[in-house]
Structures are given as structure tokens and as C-alpha cells.
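Quick setup: one chain, the form predicted on its own, written in C-alpha cells, and binding and motion questions come after.
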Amino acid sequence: MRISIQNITHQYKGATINSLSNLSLEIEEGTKHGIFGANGAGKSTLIKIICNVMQPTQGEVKFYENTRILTNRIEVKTAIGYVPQNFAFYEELTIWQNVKYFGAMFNLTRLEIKKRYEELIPLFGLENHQKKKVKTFSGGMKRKLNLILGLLHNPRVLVLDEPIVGIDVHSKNEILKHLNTLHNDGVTIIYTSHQMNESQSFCENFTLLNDGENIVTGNLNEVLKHQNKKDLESILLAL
């Protein structure tokens, strides 16, 4: 799915400045697109607008399935999987109980939920932890569950907010491996992170935000050349 963000401006109620200012951006279908910038650059606001959680003050976001524009809001929401930085599940429940609950929120049938559960649990190596409450899980296991819940409905776009923060190297590599598999299957991935080394090696295209504006969008070489820096971390440090 291709996403066209056209002249978006957003100002929160009571704010005196825009969180996003006349921002335009094209995210091509099937790409791994990194969005980065300093705290307060507008990343979270942009993600919420892409995920249809909030509407921009001005401008619009268009979603293209081949040449067809998706106009139905429910259709757009079901096409997107969102994996937030904060854990979005119930710690007192088991994996299956969480999966049943969130699967129902996506209007999946019990048969569809069971099928996805049986596909995803072994894929992420959690088959030996199915009877445990999630609160007993390690940080890496919780990150995997967060990702599983975002993938239940087979989204065509996956939006990831700090998906590997605070976890061990082994879990980090496992998650990135699974994300690359999804990408190879045609899923469009939008990725935000403060861990620039992983972002630089994982993503194909990048957008640098600063004060709610799109400073530059392009592949790694184009972005580095535009900012006259040797790596993404150097760009962030200079902001």
C-alpha cells in the first residue's frame, strides 16, 4: 500500500505552535521507511495521523491499493497494524487471552483468531509460554507479543514506534529478522526509533523531521548528503 501525505498541518487544542507544518511525504508500497528526528519533532503526531487515530488540522492522507484510493475509514484502519512503544496488552492475561481480545476488536472470527495464533506463536518462539501470564515475560518476549497483536489482522502497512527499545540483542535480532520477512512478503513498514544504528541498517528510505517539517526524504545516501553528515546519529546530534 502506498501512502501519500499531502500538505498536512496539525495544531493541538490550546497550543500556540503547530506540531506539523505543511508536511508532505510519499511512502512507497513495500518499502521500509524510517521517520526520525529529535524529541518534539512531530513523529508521534504524524504516526497518529497515518494510523487514522487523529485527523490533521489541514491537509490529507491518501492510501492507495494499486491505483485504487481507499476512502472507507474502516477499510483504512484494517489495512494498518500499529505497534506502539508502550506495551499495549493486558499483563494479567495469557498470550491466548490477549490474542482473543484484540482479535475480536479487529472483527476477526474465532476461527481466524485461532489460525493466526497458531501461525504467529511458533514464529516468534513463544510456544513454551502460552500458559503463563504476560506479566512474567521478559522485555523481549513482551516486545514480541506487542508485534503479534499488531499483526493479527494481516495488515498491509505496519507502523512501528520504537519496536526494539530496551531489549536484549538476541530478541532484537529476532524481531528485525521477522520484520524483514514481512517486508519480503510485501508489507509496507513505517519505522520510528531513537536507535539510529539499527534504523540505518534496517530501513531503505528515511524522512528527517524537525519542528514539524519534512527537512529531507530519500535513501540513506541522499539524506546524508543533504545534511552533510556521515551517519544518521550525527544528524540527530546536530539538531
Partner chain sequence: MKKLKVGIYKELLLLVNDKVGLSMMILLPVLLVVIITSIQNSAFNIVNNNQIELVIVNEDEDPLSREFLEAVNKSHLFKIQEKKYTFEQLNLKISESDVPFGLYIDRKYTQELKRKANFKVDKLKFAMGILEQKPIEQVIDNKKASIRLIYNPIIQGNYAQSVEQMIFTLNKKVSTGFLLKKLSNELELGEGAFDLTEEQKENEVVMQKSSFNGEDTTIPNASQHNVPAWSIFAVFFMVVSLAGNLVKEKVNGSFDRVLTMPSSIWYLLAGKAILFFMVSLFQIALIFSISRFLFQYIDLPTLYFPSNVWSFLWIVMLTGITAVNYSLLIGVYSKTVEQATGFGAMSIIIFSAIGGIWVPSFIMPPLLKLLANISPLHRCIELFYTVFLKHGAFSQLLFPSFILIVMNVVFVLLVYWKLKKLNILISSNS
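Residue numbers count along the first chain shown, from 1. Computed from a predicted structure; not experimentally measured.
Only in words, not in the display: the form predicted together with the partner chain, which the text now covers.
Judged against the partner chain in the predicted complex with a 4.5 angstroms heavy atom cut-off, the residues M54, Q97 and M105 are in contact without exception.
Among F137, Y117, F124, Y82, the residue placing a heavy atom within 4.5 Å of the partner chain in the predicted complex is Y82. With a 4.5 Å cutoff on heavy atoms, P155 does not count as touching the partner chain in the predicted complex; it lies far away.
Within this chain, K133 lines the site of the partner chain in the predicted complex, having a heavy atom no more than 4.5 Å away. In the predicted complex, the partner chain lies within 4.5 Å of some heavy atom of L149.
When the partner chain is considered in the predicted complex, T109 lines it closely, a heavy atom lying within 4.5 Å. Remark: of stretches 44-52, 22-30, 172-180, 197-205, the one touching the partner chain in the predicted complex is 44-52 (heavy atom within 4.5 Å). Shown without its partner, the chain has R73, I74, K77, T78, Y82, P84, N86, F87, A88, F89, Y90 in segment 73-91 as residues with a non-hydrogen atom within 4.5 angstroms of the partner chain in the predicted complex.
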